[in-house]
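Subsequent text provides structure tokens for two forms of one protein chain, presented individually as structure 1 and structure 2.
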Structure 1
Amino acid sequence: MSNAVEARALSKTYRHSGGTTDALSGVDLTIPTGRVYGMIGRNGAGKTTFVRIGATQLALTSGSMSVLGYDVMTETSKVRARIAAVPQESRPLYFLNVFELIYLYLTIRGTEARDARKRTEAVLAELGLADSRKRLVSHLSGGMRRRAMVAMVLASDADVLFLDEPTTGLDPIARREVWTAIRRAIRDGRTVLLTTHYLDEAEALSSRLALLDGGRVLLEGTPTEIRERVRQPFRLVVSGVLGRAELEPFGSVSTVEGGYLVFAKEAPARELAQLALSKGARVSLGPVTLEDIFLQVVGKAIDADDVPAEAAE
């Protein structure tokens, strides 16, 4: 099986008293096996709806989706046997301690007791949870509880892992520990669908990315391909003597703290850099980041939550 997940013309529509809301609209995506596939977008973009349909937690409205060749609507039990998921809003069993949470999950999945214990010990060490193994889940902070849920899923033998915002609320060290565990899962031949608000996380982990907004895929490809498809692939921050009117002929200009941010094509970017330096301005020049790409394509920053969250998020 060359592809882990395939979606064709996938749509999800919610009906409510005011009419209908399209959480997904005609999404076509192919996620290859053995890789991390990143899905980025603001709240309400459709990321969680996509994950919940793939994890057989939510019925699609039209189109189709398959996981490892099994249809999520007609072969639900076969899909569930091959996947594990950390939902965005997770509610672990609060009366268990951290070790019991992971161990019980593995045994419920059919893992033999000795192997379940070994896997639990390994993931506790990998995600920095060994010292918290006997703490009740109900006594954990939100970030620690999130980390325990991620550990539970990563310890499984599932072929496809759906991780919906897995590092939300984690400190930088804990985030890096989760990244290491995800990379290890890929080395073991598994597939990870990762949704995230952290663009550095998406770029650090993902071999391919999909940028969603309004339930549609706006860009898809490797991080390099996505950069190449942006019409203004260079960014300059200019601080000093040049005014906005002098910068606008070179590209798209916006105000940032201490100066201006300019998106431009390569030749105008270099020309502007030389002009600014000749006039004594301070200039930084480089390729656009994923955050810049999001801003160019969507028109707003990824953390601008001025759209209503989709019913599933």
Structure 2
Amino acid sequence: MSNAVEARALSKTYRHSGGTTDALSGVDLTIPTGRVYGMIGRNGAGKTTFVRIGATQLALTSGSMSVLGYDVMTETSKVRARIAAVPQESRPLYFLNVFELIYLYLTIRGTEARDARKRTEAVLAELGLADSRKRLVSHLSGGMRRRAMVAMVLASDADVLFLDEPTTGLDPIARREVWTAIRRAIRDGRTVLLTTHYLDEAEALSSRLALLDGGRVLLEGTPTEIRERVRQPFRLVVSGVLGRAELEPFGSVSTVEGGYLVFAKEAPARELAQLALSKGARVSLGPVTLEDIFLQVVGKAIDADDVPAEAAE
């Protein structure tokens, strides 16, 4: 069986008045079917470019990409028959009510009216939107709107769903509601390509991940594999007593609030933990988080500097 998405030496160069921007450079990725595949990276990493090429909204510059075995550039209508997308920063049509938003999306896509009604009712019930079915989209909160957009593509018969930062700008509770919706999608064997710059989100939902930066894939694999591929897979936070110079032999040290963060290999990590405890310092030891991995691999935090403040919707 073919993979959900395959990219081979995929490159994209945007041409604009100021010159050109290489948004993707030689990306090779294989996204298997039936799972949530997470794509993480800072703003400008190339996530949206990748997703838009796959969703047939943007032409590629060189290399190739296929969805369910069909080439996105030459077998476009075959691809379009099997996909659905929630674009980054997309907003639902405000003059519809929640029921109409989903139902009309389905009927416009070509679903028979009776089937569309059944699918709409089912998704409304499952995502806890049944009580809001008659509410105008323009009267919904930002979180509800996103949920309604996700509900729309979930209700469709598409096999591959592209969700580009579906939770950006949402509060933690609303984010979790969208997560529930995404988990529901893969229950019936569909594939979700999810981009996010929330690492906890990627880890909570994805069975595989790709970490993009500067248009290249820096790491790829299951969350466990990614952890294992990191040079220093343990993190320690040490506060009090021990100074930077004493910590440096064990691993790479950076300053955090209230102490030092040390990334280390397993043996030095244990050693340092014992040393710290024996000297009476406070110490915590655990596996690195995706956040740490990002810091180690990219050299910057995922939300460093150039990520604009999240505007609530």
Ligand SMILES: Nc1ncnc2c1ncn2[C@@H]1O[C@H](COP(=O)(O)OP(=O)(O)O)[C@@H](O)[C@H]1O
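The term rigid core refers to the maximal set of C-alpha atoms that superpose within 1.5 Å between the two forms. None of these values were measured; they are calculated from a predicted model. Residue positions are counted from 1 along structure 1's sequence.
- Only structure 2 comes from the form predicted together with the named molecule.
- Taking the rigid core as fixed, one finds a CA shift for residue 221 smaller than 2 Å between structures 1 and 2.
- With the core held fixed between structures 1 and 2, residue 107 has its Cα displaced by under 2 Å.
- With the core held fixed, the Cα of residue 243 is displaced between structures 1 and 2 by less than 2 Å.
- Taking the core as reference, the Cα of residue 18 moves 3.5 angstrom between structures 1 and 2.
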